[in-house]
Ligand code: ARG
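To begin, one chain is listed below as structure tokens, in the form predicted on its own.
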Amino acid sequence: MCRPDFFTVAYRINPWMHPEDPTDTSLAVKQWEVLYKTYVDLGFDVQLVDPIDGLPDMVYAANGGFVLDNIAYGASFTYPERQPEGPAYMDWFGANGYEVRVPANINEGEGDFLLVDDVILAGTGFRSASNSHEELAQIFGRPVITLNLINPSFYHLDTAIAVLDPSPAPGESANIAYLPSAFDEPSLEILRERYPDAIIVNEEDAAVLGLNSYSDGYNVVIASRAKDFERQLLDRGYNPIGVDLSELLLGGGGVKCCTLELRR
């Protein structure tokens, strides 16, 4: 995670961002600290990356890379405003003992790459280039399934899919939640076939980035305003934990955007 000490909306690179509207950095920090404490209280080991002045979106740590099997595949951002974040996160990975792979293709890390059991779901359409999916498969030796995003408000895969069971028990299948309108029809066919029991999230909950969530397989940290998603999670036996990241939503990010998983 990365504290939003320098968070503001100074440019517009997604539909959520309106630089003409004021932002409250101190409120963003307070809301982020609630998320941080939530993870600590759940027993997670949370590592912090130092924020850099002039990089207001560094708080969205999920975009900083994809880490699996002690290998950190670095990010190469689409927009110039965020491109310095890639080297900053790769420097941190290297200093903390990860094998760093410098990307040859445009990708925005866990924003578009989601590990579901032994498969990587990979988004494209707005940010990560589809050839980064091939690079990802070569590096990690896992099946990579390409999904095409078509709604600019859900420009990263982690805004349109929540991984509910990242590492299911033996004999059980992984499951997800998703927003159908975020995907083209071929991608929907893949999701329906692979995850027939998926939770379908409504437009209202998706609009507060309710799907931009983190789950350990039981506890699911979600946007506190995603009430129907919360109800569905309870019905399925999960423990939803709502947090308010409304200030960080002004930059187009939520719970998962602020969370990069480090898998040794």
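Computed from a predicted structure; not experimentally measured. The first residue of the shown sequence is 1; numbering continues from there.
This protein has a second form, the form predicted together with arginine (ARG), left out of what is shown; the following refers to that one.
> Identify which of N175, S132, T159, S187 has a heavy atom within 4.5 Å of arginine (ARG) in the predicted bound form; exactly one of them does.
So the residue touching arginine (ARG) in the predicted bound form, by this definition, is T159.
> Check each of Y89, F183, Y73, Y155 and return the one that places a heavy atom within 4.5 angstroms of arginine (ARG) in the predicted bound form.
Spelling it out, the residue with a heavy atom inside the cut-off is Y155.
> Considering arginine (ARG) in the predicted bound form, find the one stretch among 200 to 208, 235 to 243, 56 to 64, 221 to 229 with heavy atoms no farther than 4.5 Å from it.
Result of the contact check: 56 to 64.
> Might L260 be said to contact arginine (ARG) in the predicted bound form, defining contact as any heavy atom within 4.5 Å?
Contact check for L260: no, nothing within 4.5 Å of arginine (ARG) in the predicted bound form.
> Is there a non-hydrogen atom of R82 within 4.5 angstroms of a non-hydrogen atom of arginine (ARG) in the predicted bound form?
R82: contacts arginine (ARG) in the predicted bound form.
> Examine G123 and determine whether its closest non-hydrogen atom to arginine (ARG) in the predicted bound form is within 4.5 angstroms.
No - in the predicted bound form, heavy atoms of G123 and arginine (ARG) never come within 4.5 Å of each other.
> Test of understanding: in the predicted bound form, would A10 fall inside 4.5 Å of arginine (ARG) by heavy atoms?
Answer no; every heavy atom of A10 is more than 4.5 Å from arginine (ARG) in the predicted bound form.
> With the partner left out here, which residues of 11 to 25 have a non-hydrogen atom within 4.5 Å of arginine (ARG) in the predicted bound form?
Those in contact are I13, N14, M17.
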